[in-house]
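Before any questions on how it binds or moves, here is one chain, the form predicted on its own, in structure tokens.
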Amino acid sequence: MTLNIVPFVSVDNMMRLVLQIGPEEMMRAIAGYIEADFRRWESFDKTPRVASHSDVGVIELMPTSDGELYGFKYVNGHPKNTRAGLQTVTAFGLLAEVDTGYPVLLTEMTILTALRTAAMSALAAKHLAPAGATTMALIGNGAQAEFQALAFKAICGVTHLRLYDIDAAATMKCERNLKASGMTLTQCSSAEEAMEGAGIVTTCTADKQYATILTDNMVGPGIHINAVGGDCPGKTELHRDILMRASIFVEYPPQTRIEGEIQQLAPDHPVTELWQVFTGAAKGRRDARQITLFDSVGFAIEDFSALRYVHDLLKTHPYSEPLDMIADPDDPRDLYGMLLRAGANAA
């Protein structure tokens, strides 16, 4: 393949890829790639995502590099979009060779981000959740909910889901989509009811505001909280008192302190970085009564891992199309001449 041709994975091809491999297996594999990359954390360039905020949402770029490959994701977050029949989150991503700067993959990442977000949640819970926890409260039953459910089933062995959303139609949608998953599903009438008997709680709501999805009295000892929805300044889901009782685990503190639940706390409040847990440099869960919290905001290395996984898949799965993306003149000093010759050929 010539250097100017870049493999492009469209939405249609991404869906074919996911259905060929299976969502659960794909999220297991992505989690493996993420853990492997987090274990070599120090080899990556790291920076908080570059965000452009507005009154109605945010548009972000998420770059990183391991010195051999460079990756970035474009992603937005616009909670109002659902009212117009649009996605809250859309994304695409690119992987390139550091040596030449030439792209080697361009792909949709709306579906891929949903997969990697859920894979990261379940990977963190594998290290942090109480042993033997098989029941999860899933509060917020929108676009991310089914992915979270299936990732926790595949990676953590969750078998029972207790579902709640302020929009009953979202819960019914989630239950309908998960009907064939083999999980036991219970619709709940409140967040409090959803928490009953759960060893794990996942919050993934979408409102862009300071919210209190969980209050302190709802969280008993020993629970693991997977807080997914709070992912930008001014958007949280947990009461501050919960944070003061919990052991908090994060991806990249400089980003999470701006965007995560811990934006409610002092800048020096102690947190543990997950890469240290994965390598054994820091403890995850220490005892049965500890409250653990994964303050999830999403970090560029996770997207890099997902891109690297898809790039590897394309070696054996024909789910891409060639994209003529990079100008590639015979003489690299004669870009204008290439343009003139194209005009002459067209004539």
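Keep in mind that what you see is a predicted model, and the values were worked out from it rather than measured. Start at 1 with the first residue shown and count on from there.
One more form of this protein exists, namely the form predicted together with a further copy of the same chain; it is left out here, but the text below deals with it.
You can rule out all but one of 238-246, 119-127, 264-272, 144-152: in the model of the complex, only 144-152 has residues with a heavy atom within 4.5 Å of a further copy of the same chain.
A heavy atom within 4.5 Å of a further copy of the same chain in the model of the complex is found for exactly one of A36, I59, L314, A282: I59. Among heavy atoms of A131, none comes within 4.5 Å of a further copy of the same chain in the model of the complex. Using a 4.5 angstroms limit between non-hydrogen atoms, E108 touches a further copy of the same chain in the model of the complex. Taking non-hydrogen atoms only, P254 never approaches a further copy of the same chain to within 4.5 angstroms in the model of the complex. Looking at H78, you'd find a heavy atom of it within 4.5 angstroms of a further copy of the same chain in the model of the complex.
In the model of the complex, E97, V98, D99, T100, G101, Y102, P103, L106, E108, T110, I111, A114 are the residues of 97-118 with at least one heavy atom within 4.5 Å of a further copy of the same chain, listed from first to last.
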